[in-house]
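Before any questions on how it binds or moves, here is one chain, the form predicted on its own, in structure tokens.
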Amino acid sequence: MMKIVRSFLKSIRCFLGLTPMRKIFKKLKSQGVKLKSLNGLEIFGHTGEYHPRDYFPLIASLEVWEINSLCENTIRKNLPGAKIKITDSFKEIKTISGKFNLIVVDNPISTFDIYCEHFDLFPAIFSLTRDSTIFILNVIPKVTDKILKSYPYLFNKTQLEWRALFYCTQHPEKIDLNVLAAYHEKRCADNGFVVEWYFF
């Protein structure tokens, strides 16, 4: 019963534009982005139940990658009409030639398997872009004690080492949002792209 209530409340929030992803898309629209011109890629689809379902109706098309084959039927139910690939996103990104003008990276927020956050997607991710592409990335500037109580696996030793290397910092546990943006901006420039705007 509680699951049904939560789902209903989320649907209401989505309809009213109150979910985080709907807020992002409202901001994109205010930037002059024609939402129905976007062909999107969701790199870590999971079940499609959360934010992909929020923005899927707003765009032209969506391709979803998910490594867990047990999620496939649920993704198809939540995102009818989306193209679904059951694949390892980190390997897939190095083999396909598709071009997208919206790329959403809702990666796991710590270490997993041999990976950490979204770090191993770069620089291969740039091969998926059109001349103009919107990236929506999970970034973690810091973790509070309150968050650590709920998610004690965050910022483990390995994750902090990865963050120090990726962001070229001696303080991977606390990175200013604008510093995070500057590092991503440099990665874009190194791959022939200019960041026109960004927001958090």
Ligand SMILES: C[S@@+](CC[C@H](N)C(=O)[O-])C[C@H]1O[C@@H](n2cnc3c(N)ncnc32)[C@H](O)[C@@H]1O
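All of these numbers come straight from a predicted model, not from anything done at the bench. One rule holds for the numbers: they count along the sequence shown, beginning at 1.
The protein also exists as the form predicted in complex with this ligand; that form is not presented, and the subsequent description refers to it.
The candidate site formed by Phe122, Asp176 and Glu185 is entirely out of contact with this ligand in the predicted complex, as no residue has a non-hydrogen atom within 4.5 angstroms of it.
Mapping the unseen interface onto this chain, Glu72 falls outside it, with no heavy atom inside 4.5 Å of this ligand in the predicted complex. Heavy atoms of Thr111 never reach within 4.5 Å of this ligand in the predicted complex, leaving it off the interface. Residue contact with this ligand in the predicted complex: Tyr167 places no heavy atom within 4.5 Å of it. Using a 4.5 angstroms threshold between heavy atoms, Gln31 stays clear of this ligand in the predicted complex. A single residue from the set Leu137, Ile67, Leu58, Leu160 has any heavy atom within 4.5 angstroms of this ligand in the predicted complex; that residue is Ile67. Only one segment in the set 167-175, 22-30, 48-56, 144-152 has any non-hydrogen atom within 4.5 angstroms of this ligand in the predicted complex, and it is 48-56. Using a 4.5 Å cut-off on any heavy atom, the residues of 69-103 that reach this ligand in the predicted complex are, in sequence order, Thr87, Asp88, Ser89, Phe90.
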